[in-house]
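To begin, one chain is listed below as C-alpha coordinates, in the form predicted alone.
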(Lines give C-alpha, C1' and ligand atoms only; values in the text may rest on other atoms or scores of the structure.)
Protein backbone atom coordinates (compact mmCIF):
# COMPACT_ATOMS: atom_id res chain seq x y z
CA UNK A 1 0.00 0.00 0.00
CA UNK A 2 1.28 3.47 -0.90
CA UNK A 3 1.16 5.99 1.93
CA UNK A 4 0.12 9.63 1.61
CA UNK A 5 0.80 11.83 4.63
CA UNK A 6 -1.53 14.83 4.96
CA UNK A 7 -0.26 17.28 7.58
CA UNK A 8 -3.03 19.55 8.82
CA UNK A 9 -6.72 18.71 9.18
CA UNK A 10 -8.17 22.21 9.00
CA UNK A 11 -11.18 23.48 7.06
CA UNK A 12 -9.51 23.24 3.66
CA UNK A 13 -8.59 19.54 4.07
CA UNK A 14 -12.07 17.98 3.91
CA UNK A 15 -12.41 17.50 0.13
CA UNK A 16 -8.74 16.61 -0.20
CA UNK A 17 -9.01 13.73 2.26
CA UNK A 18 -12.38 12.56 0.94
CA UNK A 19 -11.00 12.43 -2.63
CA UNK A 20 -7.98 10.39 -1.58
CA UNK A 21 -10.06 8.00 0.51
CA UNK A 22 -12.54 7.54 -2.33
CA UNK A 23 -9.58 6.54 -4.54
CA UNK A 24 -7.81 4.50 -1.88
CA UNK A 25 -9.15 1.08 -2.94
CA UNK A 26 -8.49 1.45 -6.66
CA UNK A 27 -5.18 3.25 -6.15
CA UNK A 28 -3.87 1.08 -3.31
CA UNK A 29 -3.54 3.97 -0.86
CA UNK A 30 -3.23 4.49 2.87
CA UNK A 31 -4.08 8.08 3.82
CA UNK A 32 -2.42 9.20 7.04
CA UNK A 33 -3.86 12.43 8.46
CA UNK A 34 -1.75 14.18 11.07
CA UNK A 35 -2.80 17.20 13.09
CA UNK A 36 -1.76 18.71 16.40
CA UNK A 37 -5.41 18.18 17.39
CA UNK A 38 -6.00 14.44 17.08
CA UNK A 39 -9.79 14.84 17.12
CA UNK A 40 -9.64 17.01 13.97
CA UNK A 41 -7.63 14.34 12.16
CA UNK A 42 -9.94 11.60 13.41
CA UNK A 43 -13.05 13.44 12.23
CA UNK A 44 -11.82 13.75 8.64
CA UNK A 45 -10.66 10.13 8.36
CA UNK A 46 -14.25 8.99 9.05
CA UNK A 47 -13.03 5.62 10.43
CA UNK A 48 -12.20 4.59 6.87
CA UNK A 49 -10.37 1.28 6.54
CA UNK A 50 -7.61 2.90 4.50
CA UNK A 51 -7.12 5.92 6.75
CA UNK A 52 -5.04 6.55 9.84
CA UNK A 53 -5.34 9.54 12.15
CA UNK A 54 -2.26 10.55 14.10
CA UNK A 55 -1.32 13.40 16.41
CA UNK A 56 1.45 15.36 14.72
CA UNK A 57 3.07 18.54 15.96
CA UNK A 58 5.06 20.06 13.09
CA UNK A 59 7.49 21.50 15.66
CA UNK A 60 8.21 18.05 17.16
CA UNK A 61 11.18 17.02 15.03
CA UNK A 62 11.16 13.36 16.01
CA UNK A 63 7.48 12.65 15.32
CA UNK A 64 7.51 14.82 12.17
CA UNK A 65 10.52 13.06 10.68
CA UNK A 66 9.21 9.63 11.62
CA UNK A 67 5.89 10.34 9.85
CA UNK A 68 7.58 11.74 6.74
CA UNK A 69 10.13 8.92 6.55
CA UNK A 70 7.36 6.31 6.51
CA UNK A 71 5.24 7.76 3.67
CA UNK A 72 5.59 8.08 -0.10
CA UNK A 73 4.46 11.68 -0.53
CA UNK A 74 3.71 14.58 1.83
CA UNK A 75 0.82 17.03 1.53
CA UNK A 76 1.14 20.03 3.82
CA UNK A 77 -2.11 21.85 4.52
CA UNK A 78 -0.51 23.91 7.28
CA UNK A 79 -0.12 27.70 7.20
CA UNK A 80 2.65 28.60 4.74
CA UNK A 81 5.22 29.50 7.39
CA UNK A 82 5.21 25.91 8.69
CA UNK A 83 5.94 24.15 5.38
CA UNK A 84 9.67 24.61 5.32
CA UNK A 85 10.69 22.15 8.06
CA UNK A 86 8.61 19.41 6.47
CA UNK A 87 10.08 20.34 3.07
CA UNK A 88 13.63 19.96 4.37
CA UNK A 89 12.71 16.53 5.75
CA UNK A 90 11.28 15.60 2.35
CA UNK A 91 14.64 16.44 0.78
CA UNK A 92 16.45 14.36 3.40
CA UNK A 93 14.22 11.31 3.00
CA UNK A 94 13.57 11.62 -0.74
CA UNK A 95 9.82 12.36 -0.65
CA UNK A 96 7.69 14.42 -3.03
CA UNK A 97 5.71 17.31 -1.52
CA UNK A 98 2.53 19.23 -2.37
CA UNK A 99 1.21 22.48 -0.84
CA UNK A 100 -1.46 25.03 -1.78
CA UNK A 101 0.65 27.95 -0.55
CA UNK A 102 2.63 30.62 -2.37
CA UNK A 103 6.26 29.67 -2.97
CA UNK A 104 8.27 31.32 -0.20
CA UNK A 105 11.88 32.41 -0.56
CA UNK A 106 12.91 29.57 1.75
CA UNK A 107 10.99 27.03 -0.33
CA UNK A 108 12.50 28.33 -3.58
CA UNK A 109 15.98 27.79 -2.13
CA UNK A 110 15.24 24.05 -2.03
CA UNK A 111 14.73 23.91 -5.80
CA UNK A 112 18.25 22.72 -6.63
CA UNK A 113 18.25 19.98 -4.00
CA UNK A 114 14.76 18.79 -5.01
CA UNK A 115 15.70 18.76 -8.69
CA UNK A 116 18.91 16.84 -8.07
CA UNK A 117 16.96 14.17 -6.19
CA UNK A 118 14.22 14.03 -8.82
CA UNK A 119 11.59 15.25 -6.35
CA UNK A 120 8.45 17.15 -7.35
CA UNK A 121 7.71 20.00 -4.93
CA UNK A 122 4.36 21.27 -6.23
CA UNK A 123 3.14 24.52 -4.66
CA UNK A 124 0.37 27.05 -5.37
CA UNK A 125 -2.02 24.28 -6.38
CA UNK A 126 -5.12 25.41 -4.48
CA UNK A 127 -7.69 27.89 -5.78
CA UNK A 128 -5.89 31.26 -5.70
CA UNK A 129 -3.09 30.47 -6.16
CA UNK A 130 -3.81 27.30 -8.11
CA UNK A 131 -6.90 27.07 -10.24
CA UNK A 132 -6.25 30.68 -11.28
CA UNK A 133 -2.80 29.69 -12.63
CA UNK A 134 -4.04 26.61 -14.45
CA UNK A 135 -7.16 28.12 -16.01
CA UNK A 136 -5.25 31.22 -17.10
CA UNK A 137 -2.34 29.31 -18.65
CA UNK A 138 -4.70 26.99 -20.50
CA UNK A 139 -6.24 29.94 -22.37
CA UNK A 140 -2.95 31.84 -22.74
CA UNK A 141 -1.23 28.78 -24.27
CA UNK A 142 -4.21 28.18 -26.57
CA UNK A 143 -4.06 31.77 -27.84
CA UNK A 144 -0.32 31.51 -28.38
CA UNK A 145 -0.65 28.17 -30.16
CA UNK A 146 -2.82 29.78 -32.84
CA UNK A 147 -0.41 32.70 -33.27
CA UNK A 148 -2.04 35.23 -30.96
CA UNK A 149 -0.15 37.77 -28.83
CA UNK A 150 -1.42 38.53 -25.31
CA UNK A 151 -1.76 42.27 -24.69
CA UNK A 152 -4.10 42.25 -21.66
CA UNK A 153 -4.56 39.88 -18.75
CA UNK A 154 -6.73 40.49 -15.71
CA UNK A 155 -7.57 37.92 -13.04
CA UNK A 156 -9.93 38.14 -10.07
CA UNK A 157 -10.99 35.75 -7.31
CA UNK A 158 -13.40 36.09 -4.41
CA UNK A 159 -14.29 33.86 -1.48
CA UNK A 160 -17.86 34.96 -0.79
CA UNK A 161 -21.13 33.87 0.73
CA UNK A 162 -23.55 31.94 -1.52
CA UNK A 163 -26.64 33.87 -2.69
CA UNK A 164 -29.02 31.82 -0.52
CA UNK A 165 -26.95 32.67 2.59
CA UNK A 166 -26.43 36.33 1.71
CA UNK A 167 -28.45 37.99 4.46
CA UNK A 168 -26.48 41.01 5.65
CA UNK A 169 -26.01 44.49 4.22
CA UNK A 170 -22.32 43.87 3.49
CA UNK A 171 -23.17 40.81 1.37
CA UNK A 172 -20.15 39.18 2.95
CA UNK A 173 -19.19 36.56 5.54
CA UNK A 174 -15.85 35.00 6.45
CA UNK A 175 -15.21 31.95 4.30
CA UNK A 176 -11.47 31.84 4.95
CA UNK A 177 -9.01 33.21 7.51
CA UNK A 178 -10.67 36.36 8.96
CA UNK A 179 -7.30 37.91 9.75
CA UNK A 180 -6.33 37.90 6.08
CA UNK A 181 -9.49 39.86 5.28
CA UNK A 182 -8.83 42.50 7.95
CA UNK A 183 -5.21 43.16 6.96
CA UNK A 184 -5.71 42.76 3.18
CA UNK A 185 -3.78 45.24 1.08
CA UNK A 186 -1.32 46.34 3.77
CA UNK A 187 2.46 46.27 3.43
CA UNK A 188 2.98 48.48 0.39
CA UNK A 189 1.18 49.97 -2.56
CA UNK A 190 -0.72 47.78 -5.02
CA UNK A 191 1.25 47.62 -8.28
CA UNK A 192 -0.07 46.81 -11.74
CA UNK A 193 0.40 47.60 -15.41
CA UNK A 194 -2.17 49.56 -17.41
CA UNK A 195 -1.71 50.23 -21.12
CA UNK A 196 2.07 50.02 -20.77
CA UNK A 197 2.24 52.29 -17.72
CA UNK A 198 3.11 51.16 -14.20
CA UNK A 199 0.37 52.14 -11.76
CA UNK A 200 0.40 52.22 -7.97
CA UNK A 201 -2.42 52.45 -5.44
CA UNK A 202 -1.41 53.23 -1.84
CA UNK A 203 -3.27 51.39 0.92
CA UNK A 204 -5.26 54.46 1.95
CA UNK A 205 -6.76 54.62 -1.58
CA UNK A 206 -6.99 50.91 -2.36
CA UNK A 207 -10.66 50.41 -1.55
CA UNK A 208 -11.79 53.46 -3.52
CA UNK A 209 -10.21 52.30 -6.82
CA UNK A 210 -12.32 49.37 -7.94
CA UNK A 211 -13.38 47.64 -11.13
CA UNK A 212 -16.89 46.30 -11.78
CA UNK A 213 -17.45 42.74 -13.02
CA UNK A 214 -20.69 41.07 -14.10
CA UNK A 215 -21.08 37.29 -13.80
CA UNK A 216 -24.05 35.77 -15.59
CA UNK A 217 -26.57 34.41 -13.11
CA UNK A 218 -24.83 35.98 -10.09
CA UNK A 219 -25.01 39.70 -10.74
CA UNK A 220 -22.44 42.43 -10.29
CA UNK A 221 -19.23 42.36 -8.27
CA UNK A 222 -16.41 44.80 -7.62
CA UNK A 223 -12.68 44.11 -7.36
CA UNK A 224 -9.81 45.91 -5.65
CA UNK A 225 -6.18 45.44 -6.68
CA UNK A 226 -3.92 42.78 -5.20
CA UNK A 227 -0.63 44.03 -3.81
CA UNK A 228 1.60 42.90 -6.69
CA UNK A 229 -0.16 42.14 -9.96
CA UNK A 230 3.18 41.72 -11.75
CA UNK A 231 4.39 38.80 -9.62
CA UNK A 232 3.62 36.23 -12.32
CA UNK A 233 4.39 38.34 -15.39
CA UNK A 234 7.50 36.42 -16.39
CA UNK A 235 6.22 33.04 -15.21
CA UNK A 236 3.16 33.41 -17.45
CA UNK A 237 5.32 34.68 -20.32
CA UNK A 238 3.56 38.05 -20.38
CA UNK A 239 6.58 40.36 -20.44
CA UNK A 240 5.16 42.14 -23.51
CA UNK A 241 1.61 42.52 -22.23
CA UNK A 242 0.36 46.10 -21.95
CA UNK A 243 -2.12 45.52 -19.10
CA UNK A 244 -1.70 43.15 -16.13
CA UNK A 245 -4.04 43.37 -13.17
CA UNK A 246 -4.96 40.92 -10.42
CA UNK A 247 -7.66 41.65 -7.88
CA UNK A 248 -9.94 40.41 -5.11
CA UNK A 249 -13.70 40.26 -5.68
CA UNK A 250 -16.43 41.48 -3.34
CA UNK A 251 -20.06 42.45 -3.81
CA UNK A 252 -20.60 46.04 -4.94
CA UNK A 253 -20.53 48.48 -2.03
CA UNK A 254 -18.28 46.44 0.24
CA UNK A 255 -15.11 48.39 -0.54
CA UNK A 256 -16.60 51.84 0.06
CA UNK A 257 -17.85 50.75 3.48
CA UNK A 258 -14.62 48.91 4.34
CA UNK A 259 -12.66 52.05 3.51
CA UNK A 260 -14.21 53.67 6.59
CA UNK A 261 -12.24 51.27 8.81
CA UNK A 262 -9.08 51.93 6.83
CA UNK A 263 -9.43 55.71 7.11
CA UNK A 264 -10.01 55.54 10.87
CA UNK A 265 -7.01 53.25 11.41
CA UNK A 266 -9.00 50.27 12.68
CA UNK A 267 -7.20 47.82 10.39
CA UNK A 268 -3.76 48.74 11.75
CA UNK A 269 -1.83 45.75 13.10
CA UNK A 270 1.37 47.55 14.11
CA UNK A 271 0.60 48.63 17.69
CA UNK A 272 -1.50 47.52 20.64
CA UNK A 273 -4.36 49.28 22.43
CA UNK A 274 -3.86 49.91 26.13
CA UNK A 275 -6.47 48.35 28.44
CA UNK A 276 -8.15 46.78 25.40
CA UNK A 277 -9.56 43.88 27.43
CA UNK A 278 -11.77 46.28 29.40
CA UNK A 279 -13.03 48.22 26.37
CA UNK A 280 -16.54 48.03 25.01
CA UNK A 281 -16.98 48.09 21.24
CA UNK A 282 -18.12 51.69 21.66
CA UNK A 283 -14.96 52.56 23.60
CA UNK A 284 -12.85 51.08 20.81
CA UNK A 285 -14.56 53.19 18.15
CA UNK A 286 -14.35 56.31 20.33
CA UNK A 287 -10.60 55.82 20.76
CA UNK A 288 -10.13 56.87 17.12
CA UNK A 289 -12.35 59.96 17.31
CA UNK A 290 -11.74 63.50 18.61
CA UNK A 291 -12.84 64.38 22.15
CA UNK A 292 -16.08 66.28 22.55
CA UNK A 293 -17.83 67.11 25.84
CA UNK A 294 -21.22 67.16 24.09
CA UNK A 295 -21.30 65.13 20.86
CA UNK A 296 -22.13 61.44 20.89
CA UNK A 297 -19.77 58.82 19.45
CA UNK A 298 -22.16 58.33 16.54
CA UNK A 299 -22.24 62.03 15.73
CA UNK A 300 -18.46 62.37 15.93
CA UNK A 301 -18.09 59.29 13.71
CA UNK A 302 -20.42 60.60 11.00
CA UNK A 303 -18.82 64.03 11.12
CA UNK A 304 -15.24 62.71 10.92
CA UNK A 305 -16.01 60.39 7.99
CA UNK A 306 -18.57 62.67 6.32
CA UNK A 307 -21.33 60.01 6.40
CA UNK A 308 -24.93 61.12 6.02
CA UNK A 309 -27.46 59.49 8.31
CA UNK A 310 -29.39 58.09 5.34
CA UNK A 311 -26.24 56.65 3.70
CA UNK A 312 -26.32 52.84 3.30
CA UNK A 313 -22.77 52.81 4.70
CA UNK A 314 -24.16 54.04 8.01
CA UNK A 315 -26.69 51.20 8.05
CA UNK A 316 -23.88 48.73 7.40
CA UNK A 317 -21.93 50.06 10.38
CA UNK A 318 -24.97 49.94 12.65
CA UNK A 319 -25.58 46.34 11.56
CA UNK A 320 -22.18 45.38 13.01
CA UNK A 321 -23.18 46.79 16.41
CA UNK A 322 -19.87 48.64 16.67
CA UNK A 323 -21.39 51.30 18.92
CA UNK A 324 -22.49 48.81 21.57
CA UNK A 325 -21.74 49.73 25.17
CA UNK A 326 -22.46 46.18 26.33
CA UNK A 327 -20.29 44.08 24.05
CA UNK A 328 -16.72 43.88 25.35
CA UNK A 329 -13.47 43.49 23.43
CA UNK A 330 -12.03 41.11 26.02
CA UNK A 331 -8.62 40.87 24.28
CA UNK A 332 -5.51 41.86 26.22
CA UNK A 333 -2.97 44.14 24.50
CA UNK A 334 -4.75 43.70 21.17
CA UNK A 335 -3.98 45.56 17.96
CA UNK A 336 -6.76 47.54 16.27
CA UNK A 337 -6.91 44.87 13.55
CA UNK A 338 -7.38 42.10 16.12
CA UNK A 339 -10.19 43.99 17.81
CA UNK A 340 -11.91 44.76 14.51
CA UNK A 341 -11.65 41.09 13.58
CA UNK A 342 -13.40 40.09 16.81
CA UNK A 343 -16.19 42.60 16.19
CA UNK A 344 -16.69 41.40 12.62
CA UNK A 345 -16.74 37.73 13.61
CA UNK A 346 -19.89 38.43 15.63
CA UNK A 347 -21.72 39.23 12.39
CA UNK A 348 -19.74 37.58 9.60
CA UNK A 349 -19.16 34.05 10.89
CA UNK A 350 -20.97 31.50 8.71
CA UNK A 351 -24.02 30.00 10.40
CA UNK A 352 -24.37 26.23 10.52
CA UNK A 353 -26.67 26.15 7.49
CA UNK A 354 -24.79 28.84 5.51
CA UNK A 355 -23.03 28.03 2.26
CA UNK A 356 -20.05 29.75 0.69
CA UNK A 357 -19.14 30.56 -2.90
CA UNK A 358 -15.94 30.92 -4.93
CA UNK A 359 -16.03 33.25 -7.94
CA UNK A 360 -13.19 33.59 -10.45
CA UNK A 361 -13.01 35.90 -13.45
CA UNK A 362 -10.27 36.16 -16.12
CA UNK A 363 -9.98 38.62 -19.00
CA UNK A 364 -7.65 37.89 -21.92
CA UNK A 365 -6.98 40.55 -24.54
CA UNK A 366 -4.95 39.49 -27.57
CA UNK A 367 -3.96 40.40 -31.09
CA UNK A 368 -4.37 37.93 -33.95
CA UNK A 369 -3.88 38.66 -37.65
CA UNK A 370 -3.85 42.40 -36.97
CA UNK A 371 -7.14 42.40 -35.02
CA UNK A 372 -7.77 42.72 -31.28
CA UNK A 373 -9.94 40.17 -29.47
CA UNK A 374 -11.02 39.49 -25.91
CA UNK A 375 -12.09 36.37 -24.02
CA UNK A 376 -13.82 36.62 -20.63
CA UNK A 377 -13.75 33.42 -18.56
CA UNK A 378 -15.75 32.88 -15.36
CA UNK A 379 -16.09 30.13 -12.76
CA UNK A 380 -18.55 29.90 -9.86
CA UNK A 381 -18.51 27.07 -7.30
CA UNK A 382 -20.98 26.75 -4.41
CA UNK A 383 -20.35 24.96 -1.13
CA UNK A 384 -22.45 22.06 0.14
CA UNK A 385 -22.25 22.63 3.91
CA UNK A 386 -19.89 23.75 6.66
CA UNK A 387 -17.53 20.81 6.13
CA UNK A 388 -17.57 20.51 2.36
CA UNK A 389 -17.31 24.20 1.53
CA UNK A 390 -16.60 25.74 -1.87
CA UNK A 391 -13.29 26.96 -0.44
CA UNK A 392 -12.33 23.45 0.72
CA UNK A 393 -13.43 22.04 -2.62
CA UNK A 394 -11.47 24.44 -4.82
CA UNK A 395 -8.38 24.30 -2.59
CA UNK A 396 -8.43 20.60 -1.71
CA UNK A 397 -9.36 18.92 -4.99
CA UNK A 398 -6.48 20.35 -7.07
CA UNK A 399 -4.07 19.42 -4.27
CA UNK A 400 -5.47 15.87 -4.14
CA UNK A 401 -5.48 15.37 -7.92
CA UNK A 402 -1.89 16.65 -8.20
CA UNK A 403 -0.78 14.42 -5.32
CA UNK A 404 -2.11 11.30 -7.00
CA UNK A 405 -0.70 12.36 -10.39
CA UNK A 406 2.77 12.77 -8.86
CA UNK A 407 2.47 9.43 -7.07
CA UNK A 408 1.46 7.78 -10.35
CA UNK A 409 4.35 9.47 -12.20
CA UNK A 410 2.05 11.44 -14.49
CA UNK A 411 3.71 14.63 -13.23
CA UNK A 412 7.45 14.02 -13.25
CA UNK A 413 9.26 17.32 -13.83
CA UNK A 414 11.29 17.78 -10.63
CA UNK A 415 11.92 20.89 -8.54
CA UNK A 416 10.02 23.61 -6.68
CA UNK A 417 7.22 24.69 -9.01
CA UNK A 418 3.69 25.94 -9.54
CA UNK A 419 1.09 24.49 -11.94
CA UNK A 420 1.67 26.48 -15.12
CA UNK A 421 2.77 23.75 -17.55
CA UNK A 422 0.49 21.64 -19.76
CA UNK A 423 1.83 18.50 -18.07
CA UNK A 424 0.21 19.70 -14.85
CA UNK A 425 -2.81 21.83 -15.73
CA UNK A 426 -4.41 19.83 -18.55
CA UNK A 427 -5.22 16.62 -16.61
CA UNK A 428 -6.11 18.49 -13.42
CA UNK A 429 -8.53 20.92 -15.07
CA UNK A 430 -10.08 18.03 -16.99
CA UNK A 431 -10.73 16.08 -13.79
CA UNK A 432 -12.04 19.16 -11.96
CA UNK A 433 -14.82 19.34 -14.56
CA UNK A 434 -16.24 16.12 -13.09
CA UNK A 435 -16.68 18.04 -9.81
CA UNK A 436 -18.47 20.96 -11.53
CA UNK A 437 -15.45 23.24 -11.32
CA UNK A 438 -15.70 24.57 -14.85
CA UNK A 439 -15.07 27.83 -16.70
CA UNK A 440 -17.46 29.52 -19.07
CA UNK A 441 -15.69 31.41 -21.86
CA UNK A 442 -17.26 34.27 -23.78
CA UNK A 443 -15.88 36.18 -26.77
CA UNK A 444 -16.46 39.91 -26.17
CA UNK A 445 -15.39 43.08 -28.00
CA UNK A 446 -11.90 44.16 -26.95
CA UNK A 447 -12.24 47.21 -24.69
CA UNK A 448 -8.71 47.56 -23.31
CA UNK A 449 -8.08 50.32 -20.83
CA UNK A 450 -11.58 51.79 -21.32
CA UNK A 451 -12.83 48.78 -19.40
CA UNK A 452 -10.88 49.76 -16.31
CA UNK A 453 -12.22 52.11 -13.67
CA UNK A 454 -8.73 52.59 -12.29
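Residue numbers count along the first chain shown, from 1. Since this is a predicted model, take the numbers as computed values, not measurements.
Keep in mind the form predicted together with another copy of the chain is missing from the figure; the text below concerns it.
Contact check for residue 212: no non-hydrogen atom falls within 4.5 Å of another copy of the chain in the predicted complex. Interface residue remark: residue 274 is counted as part of the site for another copy of the chain in the predicted complex, having a heavy atom within 4.5 Å. Although the partner is absent from this view, residue 195 contacts another copy of the chain in the predicted complex, with a non-hydrogen atom inside 4.5 angstroms. Under a 4.5 angstroms non-hydrogen atom cutoff, another copy of the chain in the predicted complex lacks residue 93 among its neighbouring residues.
For the options 144, 372, 179, 199, the one in contact with another copy of the chain in the predicted complex, meaning a heavy atom within 4.5 Å, is 199.
For the options 349, 234, 204, 278, the one in contact with another copy of the chain in the predicted complex, meaning a heavy atom within 4.5 Å, is 204. Three-residue candidate spot 265, 287 and 300; every residue lies within 4.5 angstroms of another copy of the chain in the predicted complex by at least one non-hydrogen atom. The partner is not drawn, yet in the predicted complex one stretch among 361-369, 106-114, 168-176, 288-296 has residues with heavy atoms inside 4.5 Å of another copy of the chain: 288-296.
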